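In the form predicted on its own, a lone chain appears below as C-alpha cells.
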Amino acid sequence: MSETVTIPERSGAAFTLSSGQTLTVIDPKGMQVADLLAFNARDVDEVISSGRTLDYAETIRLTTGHSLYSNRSNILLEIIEDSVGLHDFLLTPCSRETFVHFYPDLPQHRGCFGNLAAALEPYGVLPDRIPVAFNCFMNVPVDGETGKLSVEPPVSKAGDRIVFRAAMDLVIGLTACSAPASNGGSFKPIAYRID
C-alpha cells in the first residue's frame, strides 16, 4: 500500500495514474467535496466527459460498477468501491466567477477551477480544456418535477472513500473544494492514495 497524500483545504494537485493502478479518494474529516478530472496522459485532448458518461450509464447516480468515459467514448476510470454512493457529475468546478455569482459578500477565491488550472499546467492542460469535473462526495439533488438543482451538504462521513481503477495511463487533477455551500459551510482537506 502506498502513502496517503493530503491535499490542503481549498487547494488542488495533479499527478499521473498508470493503467491498472487504483486511486482512492478519501474524505478524512467528512462533508468535503473533491473535484476530479482525468486526461489521457498521451493526449490531453482526450478528457473526462460528463455527457458521455451519463449517456452510457443512463443515470446521474454513479457508483460502484460504473465507468467514467472520455469525450472519445473510451473508459478512463472504473469505480470499483464507493462507501458513499452520492456524487455529482453535473456541475462545473467552482471559480472566481462562481464566487461573484453565488457568494458576492464573501472574499473571492480562484476556486477549484483555478486550483485545477494551476496544478494541470505542467501537464500541458490549458484552462479552456478544463471540463465538468466528477465531484466526489458532492450532494446535488434534482427536483424530479421541476428539474431544479440544489447544492446540499455532503453526506460523506470521516474516512469515507471512493476507489477508481485506471483503464489507461492518465493525468489526474484533484481538489479539496473551495465553495461554501458544497461543503456544508466549512473547508477541509482531501486525501488520496495510489496503489
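Fair warning: this is a prediction, and the values are worked out from it, not measured in the lab. In this text, residue numbers run from 1 along the sequence as written.
In what follows, reference is made to the form predicted together with another copy of the chain, a form of this protein that is not presented.
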4.5 angstroms heavy atom contact with another copy of the chain in the model of the complex for residue 115 = no
is_contact(residue 73, another copy of the chain) in the model of the complex, heavy atom dist at most 4.5 Å = yes
ask   = Looking in the model of the complex, any heavy atom of residue 125 within 4.5 Å of another copy of the chain?
value = no
ask   = At the 4.5 Å heavy atom threshold, is residue 169 in contact with another copy of the chain in the model of the complex?
value = no
task = Flag this candidate site as yes only if 5, 21 and 81 all have a heavy atom within 4.5 Å of another copy of the chain in the model of the complex; otherwise mark no.
result = no
inquiry  = To verify the annotation, which of these, 165, 161, 52, 29, has a non-hydrogen atom within 4.5 Å of another copy of the chain in the model of the complex?
reply    = 52
Sequence-ordered list of residues in 112 to 144 near another copy of the chain in the model of the complex, where near means a heavy atom within 4.5 Å = 113, 128, 129, 132, 142, 144
